[in-house]
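Take a look at this one chain, the form predicted on its own, written out in structure tokens.
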Amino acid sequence: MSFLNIDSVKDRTFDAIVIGSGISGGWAAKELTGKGLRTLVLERGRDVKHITDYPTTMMQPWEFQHLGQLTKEMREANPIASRCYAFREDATHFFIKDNEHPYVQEKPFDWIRGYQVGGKSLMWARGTQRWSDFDFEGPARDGFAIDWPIRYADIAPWYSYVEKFAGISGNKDGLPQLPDGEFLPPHEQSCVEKHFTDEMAKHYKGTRPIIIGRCAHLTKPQPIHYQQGRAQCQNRSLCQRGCPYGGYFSSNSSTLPWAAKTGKMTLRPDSVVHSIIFDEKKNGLTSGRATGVRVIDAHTKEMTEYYARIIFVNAACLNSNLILLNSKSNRFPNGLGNDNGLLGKYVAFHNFRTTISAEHDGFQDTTTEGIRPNSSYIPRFRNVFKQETDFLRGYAAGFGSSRMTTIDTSAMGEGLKSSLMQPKYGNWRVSSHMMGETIPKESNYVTLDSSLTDAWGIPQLKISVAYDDNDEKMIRDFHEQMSEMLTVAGFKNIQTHDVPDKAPGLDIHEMGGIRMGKDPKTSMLNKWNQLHACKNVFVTDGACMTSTSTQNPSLTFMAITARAADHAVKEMRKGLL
């Protein structure tokens, strides 16, 4: 005879469960605890405490065994992770290693992941732009994908809300395609970037603006940031190591400590979520709802169930898809909420495959001083106000500059020191990378492999995502337009760079698979990010996105999460959840 341990079940029961502790999970934790909910935050990776667990953050270059570079052995052991720009000797501990978490590439895809408390918020690129109605209305306008169930007016107050707390640097540029926000003082453009900005304004009559990037850095901290224990960004540009000053936004420095201060958060690292539990009873308080989650201890492999009235899924886009696909029951044999068979489909990303570079022989009397953790930014200018090309949607681009230098590496002793202190300056060099919007398609999908499992017995994720003809046309247009723009501005030695066999994924902007929409027949989530078929489950990370826009998505994840959490708590208090 066995007896139900009532005390044990009570200890494992919360008001809310948040799966994931990255950018969106941290915001869910902050908002739910701040509204009084006892919240369990589940993180599959190890604990990383702010400052304490940033082992390389204050190290000098010569203190690294390999001077910050990857060894041949490390590259060969991690052919996927090592393609990421931030996977260097100073930050490899924040990235998962290829052999630890395998997945199936039905088509080549570089899946970059960070499994620890804070997730990829520790090493993200920190670009933060608002979306506009040109983005939310894009699918409805051109008829590809489905219409968003929200518009800019629905999320604008939440953009303001999260911007003030996170701390976003930028300039009020007055652009309809890139709405202004609640900005801290902007970084400064270099003289060459200002020159390019001015030349574009003159030649294109304001239709191709160049602005300083908007980013999650504290250029002038406000009282709310000091209350978080954060300080001004020191412009070290060592962000991937974790910032001891809290100068850039991360879950570790901001939202999670804030949630912890409420006394309402229970953070459980090393907790691999297996699936969400669905109550199939036709009668009862929880019938037709999710009641909790099954969790596997990362080390002991023991499975434990935790329970809550609402569940926020913020495991990062592809893992959130995996969890719902693996949450099978008699009611949902193909994954939780998957009545329409669309779960895992219409995955999209940003096309970062191509770049362009050039030189300028002017401004020989100037150079840069110090480091800037930001660059200039070219907002989308193609197909914004009307369809004008042979491809759909458009692209934005980063734009950076530096003065070319030559150092006499053959020198020794005092000669080498002198060369390092007084390098020979050459021309200015600029570079730009495209960030193209890709169109969500049913042929871009993720599913569970039928035979392969991971170390915890969970089916491996099978990824089938690829570029299409629209992406190729966009790349060609980027080359043509940027070459023209650089030529007009007096740049020389213009060179385009494209790697056609470079797989998607290194943008680290996966979106979709559990998309929002108005119709349960064509979407998984409603306008509040609730599963149509299971209203107490919310998905607010990249998986919820209906389309990708051209802007960096993290700020939108934050705003959508805060909005959904507010709605969830209000519905709970009405007794509707």
Partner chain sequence: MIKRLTIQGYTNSEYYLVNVQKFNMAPVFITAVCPYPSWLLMVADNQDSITQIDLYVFFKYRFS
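Please read all numbers here as calculations on a predicted model, not as lab measurements. Numbering follows the first chain given and starts at 1. Rigid core (definition): largest C-alpha set, two forms, superposition within 1.5 Å.
This next part talks about the form predicted together with the partner chain, which is not shown.
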**Asked** For the chain shown here without its partner, which stretch in 234-242, 489-497, 308-316, 111-119 has non-hydrogen atoms within 4.5 angstroms of the partner chain in the model of the complex?
**Response** 234-242
**Message:** Since only the chain is shown here, I'm wondering whether Tyr425 would be in contact with the partner chain in the model of the complex (any heavy atom pair within 4.5 Å).
**Reply:** yes
**Message:** Quick check on Ala140: any heavy atom within 4.5 Å of the partner chain in the model of the complex?
**Reply:** no
**Message:** Although the partner isn't part of this model, could you tell me whether Pro223 comes within 4.5 Å of the partner chain in the model of the complex, counting any heavy atom of the residue?
**Reply:** no
**Request:** Flag Asp501 as yes or no: does it have a non-hydrogen atom within 4.5 angstroms of any non-hydrogen atom of the partner chain in the model of the complex?
**Result:** no
**Asked** From the list Arg353, Arg380, Arg126, His187, which entry has a heavy atom within 4.5 Å of the partner chain in the model of the complex?
**Response** His187
**Complete:** Of Asn99, Asn330, Ser451, Ser410, the only residue with a heavy atom within 4.5 Å of the partner chain in the model of the complex is Ser410
**Request:** Pull the contact list for 343-370: residues with a heavy atom within 4.5 Å of the partner chain in the model of the complex, in sequence order.
**Result:** Gln364, Asp365, Thr366, Thr367, Thr368, Glu369, Gly370
**Prompt:** Does Asn340 count as moved between this form and the one not shown, where moved means a C-alpha shift of 2 angstroms or more after fitting the rigid core?
**Reply:** no
**Message:** Following rigid core alignment, is the displacement of the Ala140 C-alpha between this form and the one not shown equal to or greater than 2 angstroms?
**Reply:** no
**Prompt:** Has the Cα of Val488 moved 2 Å or more between this form and the one not shown, judged after a core fit?
**Reply:** no
**Prompt:** Glu359 and Ser410: do their C-alpha atoms lie closer or farther in the model of the complex than in the form you see, with a change of 3 Å or more?
**Reply:** closer
**Message:** What direction does the Asp408-Glu359 Cα distance move in the model of the complex compared with the shown chain, closer or farther, given a change of 3 Å or more?
**Reply:** closer
